[in-house]
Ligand SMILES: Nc1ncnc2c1ncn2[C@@H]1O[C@H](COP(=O)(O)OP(=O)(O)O)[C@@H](O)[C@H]1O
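Encoded as structure tokens, the following chain is the form predicted alone, with no partner shown.
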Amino acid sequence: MIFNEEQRESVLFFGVDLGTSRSAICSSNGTREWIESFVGWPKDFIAEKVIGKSVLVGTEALQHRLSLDLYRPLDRGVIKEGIEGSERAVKEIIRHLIELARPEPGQRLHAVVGVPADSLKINKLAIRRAVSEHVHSLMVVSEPFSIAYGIDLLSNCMIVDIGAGTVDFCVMHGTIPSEEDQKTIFTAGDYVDEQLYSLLLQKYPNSKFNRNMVRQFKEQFSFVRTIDEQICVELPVNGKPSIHDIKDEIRRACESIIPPIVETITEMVSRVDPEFQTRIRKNIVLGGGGSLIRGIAQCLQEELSEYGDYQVTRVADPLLAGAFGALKLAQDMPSRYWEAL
């Protein structure tokens, strides 16, 4: 059965996209927020005195990272096993997201949480442990499925969710997708960061920069193919600020994920019933932060043209599409599907 109106008034529904780099929440009271998936605890009492807080989450944690034991607890979308503090850090991310949703006192909290397709079985128990202190009922789904649900594309399409830790693929047939309909690869945003870091080291061996700076360069300037602008950043060389041209390195790093995405799309389409393959090819939809790379939809469409008439588009709000779809699913979900905690 579906929740009746009286029951709904006492429940706050929300969807969470728990990501390697960013996590987002959309709730039935109108909250729409995302944060960086970082958590930090002060290293000592001096750090806590300076910061004035016992724990920091998101951008605030990154800004004070030199004073913190900093955690990025989701590796390829999965809670890191065997690393002290990772599950604790995920609990803090969940707690912080729920605080952003501002639940009313006494409201029951029902959450749908999205995770990478291949990690659904592996991660479900860890997610349950992390969420159980904060919510009353839970459902864990794949992130590309939640994106599809949010945009009402439940049949004859493929969702490609390009995140930091993973790229997740899901073919929608008008039903809840099976394991065979979904796939995860790991040449995603973090892979781009590593490629860019290596390329910059090769080109500018005497310059000083770190991986967080490289990630920021990627997020600010990312593109594939060509753009009519220069991309220059300031980096120190022997302590002196110097201008560096990084345009070619940005392009090469971003384009490094194109071949494996093309290969996976064509392989998954080839497994679809031949009668429906044409419909799927004409409805490839990108989501996730990686879909914000300038030119990536057109680039993929051009690369895929060798294999047929493909049409590639992007969701309107890549950073919130997964959480919004999870919320919509939570609001529509018959009560028998909920897992009580």
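A quick note: this is a predicted structure, and the numbers were derived from the prediction, not measured. Numbers follow the displayed sequence, beginning with 1.
Keep in mind the form predicted together with the named molecule is missing from the figure; the text below concerns it.
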{"property": "Residue stretch of 265 to 273, 189 to 197, 129 to 137, 229 to 237 approaching the named molecule in the predicted bound form, non-hydrogen atom distance within 4.5 Å", "result": "189 to 197"}
{"property": "Listed residue (95, 252, 88, 215) with a non-hydrogen atom within 4.5 angstroms of the named molecule in the predicted bound form", "result": "215"}
{"property": "One residue of 261, 170, 164, 246 in contact with the named molecule, assessed in the predicted bound form (non-hydrogen atom, 4.5 angstroms)", "result": "164"}
{"property": "Residue 19: touches the named molecule in the predicted bound form, heavy atom cutoff 4.5 angstroms", "result": "yes"}
{"property": "Proximity of residue 304 to the named molecule in the predicted bound form, heavy atoms at 4.5 Å", "result": "no"}
{"property": "Residue 292 within 4.5 Å of the named molecule in the predicted bound form, heavy atoms", "result": "yes"}
{"property": "4.5 Å heavy atom contact, residue 222 and the named molecule in the predicted bound form", "result": "yes"}
{"property": "Within 251 to 272, the residues that have a heavy atom no more than 4.5 Å from the named molecule in the predicted bound form", "result": "none"}
